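This text opens with one protein chain seen in two forms, each one given by itself as C-alpha cells under the names structure 1 and structure 2.
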Structure 1
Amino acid sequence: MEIVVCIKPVPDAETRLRANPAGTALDGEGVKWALAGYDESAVEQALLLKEANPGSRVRAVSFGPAPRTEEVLRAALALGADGATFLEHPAEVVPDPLLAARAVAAHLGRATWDLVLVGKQAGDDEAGLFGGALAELVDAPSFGGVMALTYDASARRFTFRRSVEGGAEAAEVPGRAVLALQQAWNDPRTAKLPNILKSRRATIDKVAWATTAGALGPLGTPTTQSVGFRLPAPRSGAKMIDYRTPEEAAEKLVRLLQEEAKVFP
C-alpha cells in the first residue's frame, strides 16, 4: 500500500510569535518550525498502518516555503517515512489552502497512492480546508476527525473511528480515500537518534514550482487572504495574593472567590 501523508511546518509551541510590520501575517523571522499536532498524528497513523501491512510505503509530501518545509519532511523521514516530496512554493505566491490542495492534487495525479492522510487542520491557522479540498480534487471520499485506522487487505477497505458529539462513530471506506486525522490520540513516537542522522543525509525529492504551476494552469485569485494578524492582548485583571503560608494563601483565595469573583456563595 502506498500511503501519502501531507504535512506542513507550523511554529513550534515554544517559539515566540510576532506580527510582520504590515500586521497582516506572522513574522517568520526567527521562528522555530516544527512538525506538530494533527500532522504528527497523521504521520504516526501512516507508520502504524505501514507496520501492520508489510510491504507498504509511507511518503511525506509538503507544499511550502524552503527551508522550513524541507525541515518537517526530514522530521517525517526521521520518524520512519520511506520517502519525502517537497513541492516548491515561491515566496511571491500567496499562501492559500486551496492552492496547496491543487498543488498536491497535481502531484498525486503523477504518483501512485492508495491512501492520503492529513492532519484534521493545521496547528497554526487551523483552517481545516486542505483535506476536504484535496479529496474533491482527486475525486476520493474524505472524512475528518479520524482515529484508529486499520486496513483490511482482503476486502481492500479502511475502517476507523471518528469522535462525534457524545460518542464515537465507526466507519469504513473502500479503496482510495483522503482521511484527516484527529490530534494526539495515538501517542506519536519520538525519532530515534540513528534515524535522525540518516534523515539528514536522505534525499528529498523536489518538485520545481514551474512543474506544479504548469500542471495547475492559471492560479486565479487566492480564495483566502490574510488581512490582519494580531497576538492576543496581554491579559489583565490578575490579582496577586500576598501570603506567608499556603494556608493563608488558600484562605485569602477562598475569600476573594466568594466576595469578589462570587464564584461560590
Structure 2
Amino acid sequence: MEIVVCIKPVPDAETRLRANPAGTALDGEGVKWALAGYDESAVEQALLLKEANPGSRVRAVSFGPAPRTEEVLRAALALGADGATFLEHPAEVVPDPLLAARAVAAHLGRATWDLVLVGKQAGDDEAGLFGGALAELVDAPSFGGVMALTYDASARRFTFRRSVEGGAEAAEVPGRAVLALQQAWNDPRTAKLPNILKSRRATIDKVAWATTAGALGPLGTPTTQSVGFRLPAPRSGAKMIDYRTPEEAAEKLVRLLQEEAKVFP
C-alpha cells in the first residue's frame, strides 16, 4: 500500500509571532517552524498503517517555501517516513488551502498512491479546507474528523470512526480515499536521535515551482488574499480570590463578574 501524508510547516507553539510591516500577514523572519497539530496525527497514523501492513510505504508531501518546508519533511523522515517530496513555491507567493490542494493534486496525478492522509486542519490558519478540496480534485471520497483508522487487506477496505455532533460514527470506504485525521491510534511518537541524524542526510525529491505552475496554468495563483493580521490583545494579570469556604468563593466570584468584569447584569 502506498500512503501519502500531506504536512505543512506551522509556527512552533513557543515561537514569538509578529505581523509584517504592512500588517497583512505573519512575519516569518525568526519564526521557528515545526510539524505540529493534526499533521502529527496524520504522520503517526500513516506509520501505524505501514507497520500493520507489511510492504506498505509512506511518503510525506509538502507544498511551501524553503527552508521551512524541507525541515518538516525531514521531521517526517526522522519519524519513519520512507520518502519525502517538496513541492516548491516562491516565498513571495502566499498560498491558500485551495492553491495548496491544486499543487498536491497535480503531483498526485503523476504518482502512485492508495491513501492520502492529512490533518483535519492546519495549526496556523485552522481553515480545514485542504482535505476536502484535494479529494475533489483527485476524484476520491473524503472524510474528516477520522480516528482509529485500520485497513482490511483481504477486502481492500479502510474502516474508521469519525467525530460527529454528540458522539462518533463508524464508517468504511473501499479503494483510494483522502482522509483528514483528528487522532491516530495513539499519541504521536518521538523521533530517535539516530533517525534524526539519518534524516539530515536523506534525499528529498523536489518539484520546482515552474513545473507546478506550468501544470496549473491560471489556477496557479491564490484565490484568497490576507488583508489583515494582528495578534490577540495582551492578557491582563489574574486576580486571586481569598476564601474559606466554596460558598464564599462563589459569592466573591459572582460579585467580581458583576461589578468589575461586567459579565452579568
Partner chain sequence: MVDFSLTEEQTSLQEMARKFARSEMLPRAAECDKNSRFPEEVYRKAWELGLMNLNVPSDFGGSGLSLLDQVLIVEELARACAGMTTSILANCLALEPILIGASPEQKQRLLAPFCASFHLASFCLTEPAGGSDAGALTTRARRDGDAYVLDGEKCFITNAPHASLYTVFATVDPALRHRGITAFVVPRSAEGLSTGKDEDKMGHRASATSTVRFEGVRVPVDDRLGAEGDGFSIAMRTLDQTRTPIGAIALGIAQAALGYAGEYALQRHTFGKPIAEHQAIQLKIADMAQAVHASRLLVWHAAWLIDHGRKGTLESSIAKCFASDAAMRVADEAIQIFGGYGYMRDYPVEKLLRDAKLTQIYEGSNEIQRIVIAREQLKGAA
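Everything numeric in this text was worked out from a predicted model, so none of it was measured. Throughout, residue numbering runs from 1 along the sequence of structure 1. Definition used throughout: the rigid core is the maximal C-alpha set that superposes within 1.5 Å between two forms.
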Checklist line | Index of the chain form predicted alone, chosen from the pair | finding: 2
Notebook entry, point to check: Aligning on the rigid core, do we see the C-alpha of residue 237 shift 2 angstroms or more between structures 1 and 2?
Noted result: yes
Notebook entry, point to check: Can a Cα shift of no less than 2 Å be assigned to residue 67 between structures 1 and 2, given superposition on the rigid core?
Noted result: no
Note to self: For residue 221, does the CA position differ by 2 Å or more between structures 1 and 2 when the superposition is done on the rigid core?
What the structure shows: yes
Notebook entry, point to check: Cα shift of residue 259 between structures 1 and 2 after core superposition, in Å?
Noted result: 8.1
